[in-house]
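Below you'll find only one chain, the form predicted on its own, shown as structure tokens.
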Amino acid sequence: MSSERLIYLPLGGAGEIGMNAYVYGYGKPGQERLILVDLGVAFPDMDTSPGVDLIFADITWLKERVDQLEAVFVTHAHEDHVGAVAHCYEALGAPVYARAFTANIARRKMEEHGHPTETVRTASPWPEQINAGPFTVGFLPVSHSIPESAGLVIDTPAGRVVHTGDFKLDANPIVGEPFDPDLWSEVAKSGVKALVCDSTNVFSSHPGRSESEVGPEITQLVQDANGMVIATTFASNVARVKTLAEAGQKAGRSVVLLGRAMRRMIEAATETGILSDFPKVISAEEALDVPRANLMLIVTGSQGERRAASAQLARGKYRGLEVKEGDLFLFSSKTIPGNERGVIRIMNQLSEKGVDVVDDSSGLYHVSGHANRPDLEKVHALVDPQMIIPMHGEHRHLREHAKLAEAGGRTGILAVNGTMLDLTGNAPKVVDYIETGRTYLDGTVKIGALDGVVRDRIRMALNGHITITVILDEEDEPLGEPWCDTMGLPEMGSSRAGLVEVLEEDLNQFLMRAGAKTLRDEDKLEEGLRRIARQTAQAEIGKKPEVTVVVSRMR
């Protein structure tokens, strides 16, 4: 029996939606040659990651084995799959392979970070294959909500693996290739060891709908509108942006694209030849001279992002344009779980201005980019793999997808981030658990989830902050009284005196009582001052703030 093995290890994306990163390896245990499929980001929120810019998977395990890494393969250009490629380039340094549209987006990211763009290599679709150590990898076209998405056919000495990437079964996706069941059947004909499969919509019991179905509904809505029409969707959904623009054009409206991401995606799709007949657009400056009833704005910010065009229009003006009573605002998108608060805030701000807000609660103006439960069953049957490994989903999605595989008479296994599977035999085996987590991009610095930075920030946000300053003379005696500065705390406490005055009085009492031993011991002094400040604050305002103590000694 060969001592070499085929392993699968998700570092991100298995047990959550976002920051996808999946490792495949082949070779002797510990010496496997590796490839990485996708390297994406997740987005922060004020509750769990305040002030953070982006979140990546923790790739420490991979960095420690970087000399074993052959290449990175990116399935498509959504941020949760490609967003961390440039951020992690210095750590990994491996060539990146992607189809033309995705490669265009990836190169822009590399350029923004000052990395060589030639590291990103354009791959042609199946049947072309790329050699990467013991792996031969081909990009299998799929339909999704962004152009040129692909599943991966990964051939190894231990058998063929099909990694679906994000996909849906769409025979008419407007932009990009339709799902081709004959092609997938052809790929599966020689036998597939493992299907590593998108789980996002496993709980949706009806077959998925085509992108082409929303066009007539959106066109009718725009034609019936009287004021200015504003529509938002995912900037990456080039097909939807085109549908919206065509609806505006058919209604005799001038089309304006607002938001950097929106323009960047349309430029990339045009440059790579995916889009050749996009309706003519005008600039925001030109739009100022067009009657409002003749305007259609397509804007970024469908997920409630504070700095995106939607939020700025809801608050006031954006590039000279503003919404008014009688305008129509369409959310041609699904709100990703966790973003509801931001989206509802924008909807209410628009409503306060007299704008009619239309969302997708009717199901008319948006279709998902992911395969629903019946579609997953079709793909299971089409590929007929030896084993099914659910990925791209929260824990409940993966678990349900594994059950669906078992119900179809196939082996399914639940493998969340950090679970290393050996796929070499007839059934998958868990052979190791790797410590995984998150890396935060905080400004320009990468910090670990366990570094305490974000934890401290959350504590300060919840409890406020007190800074205590004490000066001691050459004899280690207090020189004057301690003083306090507070942040994020009320000025008055329950005693009806100023909070700062009460704190300073209690801290001074502590200093007056403190013995010489305490005054000489930095740690004891700081600990005592911190304890008194928190006790006083608890009594006065019912909170225990974070406390910073600054002790200055005259020498």
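In this text the structure is predicted, and so the values were computed from the model without any measurement. Residue indices: 1-based, along the sequence shown.
Quick note: we don't show the form predicted together with a further copy of the same chain, though the next part is all about it.
Q: Taking a further copy of the same chain as it sits in the predicted complex, is Gly488 near enough to touch it, meaning that at least one heavy atom pair lies within 4.5 angstroms?
A: Close contact exists here: in the predicted complex, Gly488 approaches a further copy of the same chain to within 4.5 Å, heavy atoms only.
Q: Can you tell me whether Arg319 touches a further copy of the same chain? I mean in the predicted complex, with a 4.5 angstroms heavy atom cut-off.
A: Arg319: no, not in contact with a further copy of the same chain in the predicted complex.
Q: At 4.5 Å between heavy atoms, is Ile7 in contact with a further copy of the same chain in the predicted complex?
A: No.
Q: Look up in the predicted complex whether Glu186 has a non-hydrogen atom within 4.5 angstroms of a further copy of the same chain, and give yes or no.
A: Because no heavy atom of Glu186 falls inside 4.5 Å of a further copy of the same chain in the predicted complex, the answer is no.
Q: Looking at Arg410, Lys193, Arg457, Lys250, which has any heavy atom no more than 4.5 Å from a further copy of the same chain in the predicted complex?
A: None of the other options qualify; the answer is Arg457.
Q: Go through Gly515, Gly30, Gly498, Pro50 and name the one with a heavy atom inside 4.5 Å of a further copy of the same chain in the predicted complex.
A: Only one option qualifies, and that one is Pro50.
Q: Considering a further copy of the same chain in the predicted complex, find the one stretch among 213 to 221, 112 to 120, 345 to 353, 91 to 99 with heavy atoms no farther than 4.5 Å from it.
A: Among the candidates, contact is made by 345 to 353.
Q: Indicate whether the candidate residues Gln68, Ile130 and Ala158 are all in contact with a further copy of the same chain in the predicted complex, with contact defined as any heavy atom within 4.5 Å.
A: No, none of the three is in contact.
Q: Listed by sequence position, which residues of 541 to 555 have a non-hydrogen atom within 4.5 angstroms of a further copy of the same chain in the predicted complex?
A: Contacts from 541 to 555: Ile541, Gly542, Lys543, Glu546, Val547, Thr548, Val550, Val551, Ser552, Met554.
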